[in-house]
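One chain comes next, on its own, written as structure tokens: the form predicted on its own.
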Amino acid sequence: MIKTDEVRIKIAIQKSGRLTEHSIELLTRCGLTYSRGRDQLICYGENMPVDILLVRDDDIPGLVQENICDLGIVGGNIIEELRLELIKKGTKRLFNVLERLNYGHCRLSFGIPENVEYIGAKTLKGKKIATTYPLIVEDYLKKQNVNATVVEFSGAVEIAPSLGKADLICDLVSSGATMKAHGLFEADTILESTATLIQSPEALSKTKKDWIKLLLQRIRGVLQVKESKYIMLHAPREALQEIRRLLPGSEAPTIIPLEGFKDKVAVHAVCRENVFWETLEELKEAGASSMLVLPVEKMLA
């Protein structure tokens, strides 16, 4: 374990919203314990020199890009909008993307009034589009060679057409229920977004690099076990090839001789994909028996 009493790693995360709970849970599962006073926006790491700053999600990329925070967890939609803004300003020192995290999935899609026939990007020509992500939308329109007016709209973007502020919208979608409730249907998706870990572009000390490397290793371990299962079963030796084929996401299962059985073995494997009832039924048909599926708490490759 790396030891230091001076260096502190600062991680900026969303103070409230769809990523907050998942981000704190991720860091907790990485072994971080922290203290936090009531209404305080900083969580102080107790067993690791890692502090969590709870801030507005729009501010996270800027705090990391300006080296106020070493790391940040933020949606890919926020990252892409700021990336385009920095490029537009001629800024060269951008934040570094370390890892795409497996939560906070959403997409940036066009919302079209239900009475409008949508036949692709050319439908957008000459239209007024309301969005919270004007640079992403403008970049898409430029690539599609479509001339349209982009109106920056903060807050409830989906009400813009009914207010007469726009002909259609481009907004984040999870289930699509909000668009549907406002008389819109989801058309083309222009960005798939997920929670993302980013790092400051500034040169880091060796100690900070070592702590971030350790933290990233643990994060990847947590992400690996999210869908992983540990499966144990008995199988005839002649069925091993078929059983290995059926084990989802397993690289090299452990084969153990069974005492008193020359023609049967025990098979232990980490499956990196979910194990469904159908999987177990197929394994049984191939000759497997005494099957046991367990969750994986931690994994370090």
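Numbering starts at 1 and follows the sequence shown. Keep in mind the model is a prediction, meaning the values are calculated, not measured.
There is another form of the same protein, the form predicted together with a small molecule; it is not shown, and what comes next is about it.
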| query | 14, 17 and 78: each with a heavy atom within 4.5 Å of the small molecule in the predicted complex? | reply | yes
| According to a 4.5 angstroms non-hydrogen atom cut-off, is residue 268 in contact with the small molecule in the predicted complex? | no
| How about residue 147: is it within 4.5 Å of the small molecule in the predicted complex, going by heavy atoms? | no
| Even though the small molecule is not shown here, does residue 57 get within 4.5 Å of it in the predicted complex, heavy atoms only? | yes
| query | Quick one: is residue 161 in contact with the small molecule in the predicted complex, heavy atoms, 4.5 Å cut-off? | reply | no
| Pick from 227-235, 101-109, 85-93, 119-127: which stretch has non-hydrogen atoms within 4.5 Å of the small molecule in the predicted complex? | 101-109
| message | Can you work out which of 172, 216, 135, 204 has a heavy atom no more than 4.5 Å from the small molecule in the predicted complex? | response | 172
